[in-house]
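Taking the form predicted on its own, here's one chain by itself in structure tokens.
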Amino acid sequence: MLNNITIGQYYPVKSCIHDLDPRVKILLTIALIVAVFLVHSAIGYALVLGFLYLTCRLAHVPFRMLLKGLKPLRWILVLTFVLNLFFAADGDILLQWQFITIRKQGLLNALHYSLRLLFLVMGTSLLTLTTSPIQLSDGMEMLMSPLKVIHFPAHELAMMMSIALRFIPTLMDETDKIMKAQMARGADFESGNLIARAKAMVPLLVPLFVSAFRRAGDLAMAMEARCYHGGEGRTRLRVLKLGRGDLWASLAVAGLIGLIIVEGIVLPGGLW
């Protein structure tokens, strides 16, 4: 399961999506999130799915990697679906059995919120898969640089966010190694009910926290040894510049949002 987490991982290949300016990719990811929240029909969700699939093909990232990243969230998706399915107070009754009542509005809400969560995870995973941590840090810092006039720590915040994203796969790999080491010594993480499995995961926390603090100390020492003092007077090896590809990508996302808005006006109910 730990190997299925794609958020924070970088897929190093050569593609037109990887070559886009990180500032543009961050802004377009936010625009894609807005587009997902504008969708209220099956046609709109089909447009978003087609856009993500086409982007994966252009980025040379296997689409199954985005789907694989959804596996750790399957219980959250199921819980989101079930909670919205059974807690709708209005709408036509589709099924009623004893104390269980499923209404049409509840089913629609369950589909809406589950698909929204699904596409939000896929969109953010696509950002990290096509953008290295250094590029993410530079892009976020440049986007937040206007806030420096009010003494906002843009560089420090961007550095913390990039380090957090960078260490997600590292901590997952460390957790996997600790689990395998304890399983070799007789630990059981797969049998029993959900509560028993949760209790079996408790012994993982102590060595994982120790490893995380050790890595944090090593990173701080390495940064001090290299005389790191923040972003004041810092230069970059690669200067960020907007290109023609950034314009085409922006137009593509704008076109997607436009299609979703037009579809919502022409077909308010869509295929629901």
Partner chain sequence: MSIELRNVTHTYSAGSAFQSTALRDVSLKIEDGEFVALVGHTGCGKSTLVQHLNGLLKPTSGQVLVDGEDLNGANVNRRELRQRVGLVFQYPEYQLFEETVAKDIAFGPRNQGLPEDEIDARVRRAMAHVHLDYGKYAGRSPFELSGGQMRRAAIAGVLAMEPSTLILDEPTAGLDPHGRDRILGMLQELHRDGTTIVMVSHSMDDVAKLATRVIVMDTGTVLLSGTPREVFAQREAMDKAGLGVPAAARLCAALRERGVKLPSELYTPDELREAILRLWKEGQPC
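Fair warning: this is a prediction, and the values are worked out from it, not measured in the lab. Under this definition, the rigid core comprises the largest set of C-alpha atoms superposing within 1.5 Å between the forms. Residue numbers count along the first chain shown, from 1.
What comes next is about the form predicted in complex with the partner chain, which does not appear here.
K.L.:
Using the partner position in the model of the complex, report whether A187 sits within 4.5 Å of the partner chain, counting heavy atoms only.
P.N.:
A187: contacts the partner chain in the model of the complex.
K.L.:
Check whether Q182 has any heavy atom within 4.5 Å of a heavy atom of the partner chain in the model of the complex, and answer yes or no.
P.N.:
Yes, Q182 is a contact residue.
K.L.:
Is V202 near the partner chain? Define near as a heavy atom within 4.5 Å, in the model of the complex.
P.N.:
Yes, V202 sits close enough to the partner chain in the model of the complex that at least one of its heavy atoms falls within 4.5 Å.
K.L.:
Contact between R214 and the partner chain in the model of the complex at 4.5 Å, heavy atoms?
P.N.:
Close contact exists here: in the model of the complex, R214 approaches the partner chain to within 4.5 Å, heavy atoms only.
K.L.:
Of these, 242-250, 22-30, 37-45, 205-213, which stretch puts a heavy atom within 4.5 angstroms of the partner chain in the model of the complex?
P.N.:
Correct option: 205-213.
K.L.:
If we fit on the core, is the Cα of M179 displaced 2 Å or more between the shown form and the other one?
P.N.:
M179: C-alpha displaced by 2 Å or more between the shown form and the other one.
K.L.:
Once you line up the core, how about L79: does its CA shift reach 2 Å between the shown form and the other one?
P.N.:
No; that C-alpha moves by less than 2 Å between the shown form and the other one.
K.L.:
Under a superposition restricted to the rigid core, does P169 display a Cα displacement of 2 angstroms or more between the shown form and the other one?
P.N.:
Moves: yes, 2 Å or greater.
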